[in-house]
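Next comes just one chain, in structure tokens: the form predicted on its own.
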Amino acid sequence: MFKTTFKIAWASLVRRRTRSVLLILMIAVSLWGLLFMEGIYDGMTEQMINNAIRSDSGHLSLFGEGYRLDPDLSKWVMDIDALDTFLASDTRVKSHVMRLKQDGLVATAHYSRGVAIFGVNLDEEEKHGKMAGYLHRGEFSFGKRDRGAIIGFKLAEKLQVRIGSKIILSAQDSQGEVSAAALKVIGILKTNNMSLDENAVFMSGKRMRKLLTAKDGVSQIAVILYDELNIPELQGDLKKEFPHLDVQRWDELYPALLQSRIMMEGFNLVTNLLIFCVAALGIFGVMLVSVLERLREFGIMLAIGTRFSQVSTIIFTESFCLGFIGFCLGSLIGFVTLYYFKINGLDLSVFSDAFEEFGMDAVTYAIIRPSYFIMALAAVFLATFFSVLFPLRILKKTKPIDAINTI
């Protein structure tokens, strides 16, 4: 029975070929636009989050108790050997890195301002978050005898320094005295993490310990996991094992980025609703005209004993065929487009100045998620279902004899 119903529905669509093709193209183009926007916008958001995780917070960050409220050297994390052993043996942990941080002052011949001074090991940072990939100019190095520094590109612009320029760093050491060090700018980073690009100065961890006269402890331990789903579990385990530590997730340290992800989810929902409306209106118009044109045909079918449910099935089949073909075509084009931009990226360098103000990359790499296609399929099929209800209502109210006499 279904085979016969499908043949009748398909023959009707082929008979009105131009109208059917236009509707399929309308659904496909709308769906392609939806998938493209979702993939690109989600890609922008995830790149911002990934930049923050790689360059600063990791999936989890460990601080000494009270350090975030009062960043004093006495509140650094001291039991680093136990933590290093715990994290190195945990199969959920991909990598972890230990950093020193102290607020200080950077000065040049023309300008001075407050900065965040980081003492790091560049080899460990490269293994942890591939930090060398953020190098904007210069070398990813602290030079001979660790007398160099790497700074954020926004900070370099404000200080009016370039590669080879000298800067003076000063900070309060563990004795409460002000210590200073003269360094040469070896490299400039562009992480698109605004807090780092505008305020960060990176120097050798060993040299920073001498500057601060701090032999033990670290200010932060950043942890990256293999699977983001394990973050809450590991956070709980760390709090149990080291109750004196402050263990923070990336979304607790960067709540604005979490809000961006939530906003993108809302945006995706709205765009799916738009696709639903576009598909529903298009199919409604086509099916309404189709039913009105074929009232006499349907009247004859009903008069010779065809049940109304069978006629309804034919109309529903026509509608679902249009929706399904449009979905397949739009999904195929959308997937190919997203895959291309996932590999090559969408270059928006012409707007790079505006993107930098929001900490976004000028080249955006798309994301492909199964949920895009599932939501789109649901939207299209709901649209096809609701769009034929009114035409069927008109047909049901029409008497077969009146439909047959319709010219």
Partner chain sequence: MKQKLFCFFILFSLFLFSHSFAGPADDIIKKVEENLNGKTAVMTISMDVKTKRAKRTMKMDSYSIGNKKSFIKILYPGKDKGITFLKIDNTMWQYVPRIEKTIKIPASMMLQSWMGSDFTNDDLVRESSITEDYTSNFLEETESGYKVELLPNEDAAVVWGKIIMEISKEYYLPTTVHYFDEDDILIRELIYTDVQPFGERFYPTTWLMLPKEKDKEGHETIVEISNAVFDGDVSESYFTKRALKRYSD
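Given the structure is predicted, the values throughout are model-derived calculations rather than measurements. Positions refer to the first chain, counted from 1.
One more form of this protein exists, namely the form predicted in complex with the partner chain; it is left out here, but the text below deals with it.
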Next item on the list: Report yes if all three of 191, 224 and 235 come within 4.5 Å of the partner chain in the model of the complex by some heavy atom, otherwise no.
Entry: no
Next item on the list: Look up in the model of the complex whether residue 164 has a non-hydrogen atom within 4.5 angstroms of the partner chain, and give yes or no.
Entry: yes
Item checked: Residue contact check: residue 176 to the partner chain in the model of the complex, 4.5 Å heavy atom -> yes
Checklist line | Any non-hydrogen atom of residue 121 within 4.5 angstroms of the partner chain in the model of the complex | finding: no
Margin query: Test of understanding: in the model of the complex, would residue 141 fall inside 4.5 Å of the partner chain by heavy atoms?
Written below: no
Checklist line | Listed range touching the partner chain, judged in the model of the complex by heavy atoms within 4.5 Å, from 130-138, 82-90, 327-335, 143-151 | finding: 143-151
Next item on the list: Please pick, from 180, 269, 78, 300, the one residue with any non-hydrogen atom lying within 4.5 angstroms of the partner chain in the model of the complex.
Entry: 180
Next item on the list: With the partner chain left out of view, choose which of 105, 321, 314, 97 has a non-hydrogen atom within 4.5 angstroms of it in the model of the complex.
Entry: 105
Note to self: For the stretch 37-60, I need every residue with any heavy atom inside 4.5 Å of the partner chain in the model of the complex, listed N to C.
What the structure shows: none
